[in-house]
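Consider the single chain below, provided in structure tokens and representing the form predicted alone.
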């Protein structure tokens, strides 16, 4: 089993190492796409060239705005919806649950979505793209929260209400702090989904001043398809925030996704 696990790890680790080590080489040396260390380390020149020519600062700002706002509202809306569905057993909660299941099953269509956003004057706007990200992640991540709520006993709600806590305070002061592990999981899932997305900004935010990092990779590769050292450096810059976030939150991710899977 250890050998199989090691082999599978190599399948993932070797391409990552290839990208990292070749982003440090000169253009001629990186074109060979070898796993050897650079004979001449060209780190500063590669990354500074990419930072300027790919317009990374503007793209980083655009991507950060879209990601932070989208993820914030995804966590708020999904946690509130999951709490209502899991705690209430009435027609409204069942109707919302049915709609969410439909959102998981029904496929999306770019053409109809674009026409709707165009009629609402939301094409080429941050607000339109943020609404699409919230809608696209809402169904799945609400169900992730519902699974976690099974591990929080209803007696906790009853005890808080007996102590005089109002419904608003019950969720935000008692329940929401207990959602830290699953919120960390939702944060990294939603962050990766929005940060790495290419399709939505390509169709709905296709103006040069509002390019996201994923679009810069696409257009940068078109202009520098033979400069593998620069292409790999661009990939590293785009991926670095997601990797850093994962390293900080990794201890919560497994805990959050497995909590509620086994009923006590």
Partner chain sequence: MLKRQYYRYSMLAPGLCIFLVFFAWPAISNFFYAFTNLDSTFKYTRLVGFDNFISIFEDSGSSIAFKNTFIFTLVTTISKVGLGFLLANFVNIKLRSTNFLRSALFFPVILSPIAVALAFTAIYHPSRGFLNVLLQSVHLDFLTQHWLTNRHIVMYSISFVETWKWTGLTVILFLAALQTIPKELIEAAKIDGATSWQQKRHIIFPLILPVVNTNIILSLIGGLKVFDIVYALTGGGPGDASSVINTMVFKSFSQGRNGEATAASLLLFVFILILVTITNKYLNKDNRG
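What we label the rigid core is the largest C-alpha set whose atoms superpose within 1.5 Å from one form to the other. None of the values given here were measured: they were computed from a predicted structure. Positions refer to the first chain, counted from 1.
Form predicted together with the partner chain: not shown, discussed below.
- Residue in contact with the partner chain in the model of the complex (any heavy atom within 4.5 Å), chosen from 121, 87, 180, 150: 87.
- Heavy atoms of residue 211 never reach within 4.5 Å of the partner chain in the model of the complex, leaving it off the interface.
- In the model of the complex, none of the heavy atoms of residue 248 sits within 4.5 Å of a heavy atom of the partner chain.
- Although the partner is absent here, residue 132 lies within 4.5 Å of the partner chain in the model of the complex, judged by heavy atoms.
- Within this chain, residue 114 lines the site of the partner chain in the model of the complex, having a heavy atom no more than 4.5 Å away.
- Taking the partner chain as it sits in the model of the complex, the stretch 23-61 comes within 4.5 angstroms of it through a non-hydrogen atom at 31, 32, 33, 35.
- When the rigid core is held fixed, the Cα atom of residue 107 travels 2 angstroms or more between this form and the one not shown.
- Here residue 242 does not count as shifted, since its C-alpha moves by less than 2 Å between this form and the one not shown after the core is aligned.
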